[in-house]
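Encoded as structure tokens, the following chain is the form predicted on its own, with no partner shown.
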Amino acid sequence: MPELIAKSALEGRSVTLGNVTLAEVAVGPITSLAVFPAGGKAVAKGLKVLGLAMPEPGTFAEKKGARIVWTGREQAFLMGVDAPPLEGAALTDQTDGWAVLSVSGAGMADVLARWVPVDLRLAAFPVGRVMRTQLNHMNVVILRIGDHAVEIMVFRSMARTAWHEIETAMHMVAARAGVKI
């Protein structure tokens, strides 16, 4: 019987060009939570064990290695920990369906401005915020994790394409700045 070996979408790849670093991030388990009608109290009770609550629209929260990310009305991703039993919600393991890319550095917003149709500058998209948007033609979830850092969740099947698009933009921004590559 063959033995299957789990691999990340990009095998831990990382690159720095100019003042921007692109890297794959291992986030651990990803569980989708979809709250049933009238299930909010039960979900709140279950998440309390982790010190978390359902996030407000456009936000995420972290506590002791667990992260909860708003993904839509009455929906969220629980990341980094196994989901506790949650009455009042449908839980779906999404771990193998997503790849997470970190883009960080002073030129992060300039790089992503080439492919993302929303303003990712700090004043418009502060730390702790999340949005569902596009990266060129791909649906993504973007989390602002630091003043000059975001994490981009992309479907695993599009991880290499997303990497290519971002790395290409990094080359363009670095060339404009006169960085020798």
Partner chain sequence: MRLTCPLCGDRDRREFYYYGAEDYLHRPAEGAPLAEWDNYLHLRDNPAGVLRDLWYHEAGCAQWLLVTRNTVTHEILGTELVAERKA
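Bear in mind that the values here come from a model prediction, so they are computed numbers and not experimental data. Residue numbers count along the first chain shown, from 1.
What comes next is about the form predicted in complex with the partner chain, which does not appear here.
Here the chain stands alone, but in the predicted bound form its contact with the partner chain, taken as any heavy atom within 4.5 Å, falls in 112 to 120 among 41 to 49, 112 to 120, 143 to 151, 61 to 69. By the criterion of a heavy atom within 4.5 Å, V27 is excluded from the residues contacting the partner chain in the predicted bound form. Residue contact with the partner chain in the predicted bound form: M54 places no heavy atom within 4.5 Å of it. Residues of 139 to 157 that come within 4.5 Å of the partner chain in the predicted bound form, judged by any heavy atom, reduce to N139 alone.
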